[in-house]
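For this one, two forms of the same chain are given in structure tokens, first as structure 1 and then as structure 2.
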Structure 1
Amino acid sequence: MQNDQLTLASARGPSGPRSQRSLPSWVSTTALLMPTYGWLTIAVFLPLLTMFAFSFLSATPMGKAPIVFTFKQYRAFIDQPYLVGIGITSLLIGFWTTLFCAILGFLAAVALVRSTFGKTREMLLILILLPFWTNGLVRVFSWTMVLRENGFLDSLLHMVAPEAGSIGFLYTRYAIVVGLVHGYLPYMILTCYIALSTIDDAIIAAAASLGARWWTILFKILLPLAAPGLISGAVLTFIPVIGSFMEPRILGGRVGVTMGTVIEDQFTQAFNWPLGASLSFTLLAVVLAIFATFSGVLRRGTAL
């Protein structure tokens, strides 16, 4: 009797009651994606579209000045040439921050994947994520205590060489890069760590058995195979860094004028939202142009 029931159930095949209740795959996919993309539409795209519309206005809509449609905000880099120098400074800070994050992050990820196991690796990963658990403002101000004259850095030096002068470099562009590297290094470590953890150990063992030295394994095997993670980390670091304003303002002082601080001033001090919005979208266009220029290199890196 039981065998007969099983035979009957198998004979129903795809036309059984369960298969009739199942939904098409596109319905379940849409249902899973709708909350995320709905939120992105409301919280990201709509504000961006609003700011994009503001960038073509002659004055802030909430003010009392008459408002007309104009393109003059996008001539800011021509009418105010000093903005070009500020833009170049922002790009250089972004370049050096991304470079230091790439070097330090990749080496740290290699050490985590190749030299640590079990709870030791988990503990080190938690320490990497630790900066995310603290307030960003606290992190930046803590660097002022380290980098300032007669700060923690000077105290360490004077313990070794009491007669040495100060090596504090607060309110310089070096201090800005240090603060930004501290803030964005975890992104680079995590993306490189994910890429390196997918590399088969047999490849490394085969290279070592054939006599490859450690630098050959590092530069000709690990680095090319981890290129997708390295490139993803570079994108996640470079884009937010060139628009950052907290680290340049606190650690840079008078030399910490970047596009991020200029845009913030337009929104909070000058109350010139159209100019701030146009500068933001101009900066976005420059970033997209940079990535479009190097898109061939990026595609080759991710295809390895």
Structure 2
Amino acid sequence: MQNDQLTLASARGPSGPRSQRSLPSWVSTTALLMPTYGWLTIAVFLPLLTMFAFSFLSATPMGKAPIVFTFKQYRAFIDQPYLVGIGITSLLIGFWTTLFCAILGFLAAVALVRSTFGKTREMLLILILLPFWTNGLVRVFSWTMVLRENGFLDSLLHMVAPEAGSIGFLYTRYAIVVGLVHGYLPYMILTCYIALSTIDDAIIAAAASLGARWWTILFKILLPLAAPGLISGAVLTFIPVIGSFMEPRILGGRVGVTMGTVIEDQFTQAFNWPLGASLSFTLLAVVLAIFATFSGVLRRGTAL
């Protein structure tokens, strides 16, 4: 007992233990929290602050050139009008990806809740979620083999119709959307599934006994009641998608220029870190605005 108190006291630092039976609880609470929040400060919060400061520099402070504070990086969308088009492309890719994920994912969650039971449902859920927890890069890469000319999709087609041309659409925006839907669909299914599984079966049974058809049940009961899950799934899909860069690079080729790839280029090719930082912060502002808009829904979603 004596030893334990000494160990605790030594964690408190050089101020030493007072002759008490136990230390005030805030000391141990602080000691428990300090390592985690210290680590997050160095790895996440200070970097974000530094990036914010960098976004006001006139150039990357690496060479001998004089560096001044400026707002010009934030005028990028005015000074370089082609960025507006890229921004719209990114938003459109985000929109279509989220829409497809929402439709496919919501219906899959409905099918899971309404048509499967017990062990089958458990197994299907694990099978659906498994790809989500594997390497996204590798999964995007695997789509190139399906979508390329004379790839898997073309081979399937040629088995049925040997004379048909190629339907491979690698290096198009459609390919990017397919890859991204593949990446985030499991997540959408999970959030919708959690929301749907809390709906009482009796409500649906009641509706059915009163003569409701399946589409009435789907649109008038399941959809409104599962809306929080659907919205949090959509938000948590849209946000990483507008920040993606390796999916557009690998599946889009030359047409795959998005905000993500522009930002990556500023850091790895152009060495214009301040511009990259200001674009990153513009993106972050969009992300925070989305979180703020849906914060109520998200809080309910994550409380589960």
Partner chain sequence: MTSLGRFYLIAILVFLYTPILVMMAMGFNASLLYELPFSFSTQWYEALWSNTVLLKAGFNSIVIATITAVLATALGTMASVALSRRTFRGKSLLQLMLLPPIAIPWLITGTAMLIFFYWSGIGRGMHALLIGHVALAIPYVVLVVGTGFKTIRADLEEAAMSLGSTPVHAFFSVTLPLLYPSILGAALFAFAVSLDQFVISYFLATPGYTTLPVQIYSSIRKGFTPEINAISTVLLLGSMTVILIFARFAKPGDTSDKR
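Note that the coordinates shown come from a computational prediction; the quantities given were computed from them, not determined experimentally. For numbering, take structure 1's sequence and count from 1. Between two forms, the rigid core is the largest collection of C-alphas that superpose within 1.5 Å.
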Pick the form predicted together with the partner chain out of these two and give me its number.
2
Is residue 215 displaced by at least 2 Å at its C-alpha between structure 1 and structure 2 when the rigid core is overlaid?
no
Please determine whether the C-alpha atom of residue 34 is displaced by 2 Å or more between structure 1 and structure 2 following superposition on the rigid core.
yes
Classify residue 95 as shifted (yes) or not shifted (no) between structure 1 and structure 2, where shifted means its C-alpha moves by 2 Å or more with the rigid core superposed.
no
Quote the shift of the Cα of residue 287 between structure 1 and structure 2 to one decimal place in Å, the two forms being superposed on the rigid core.
4.5
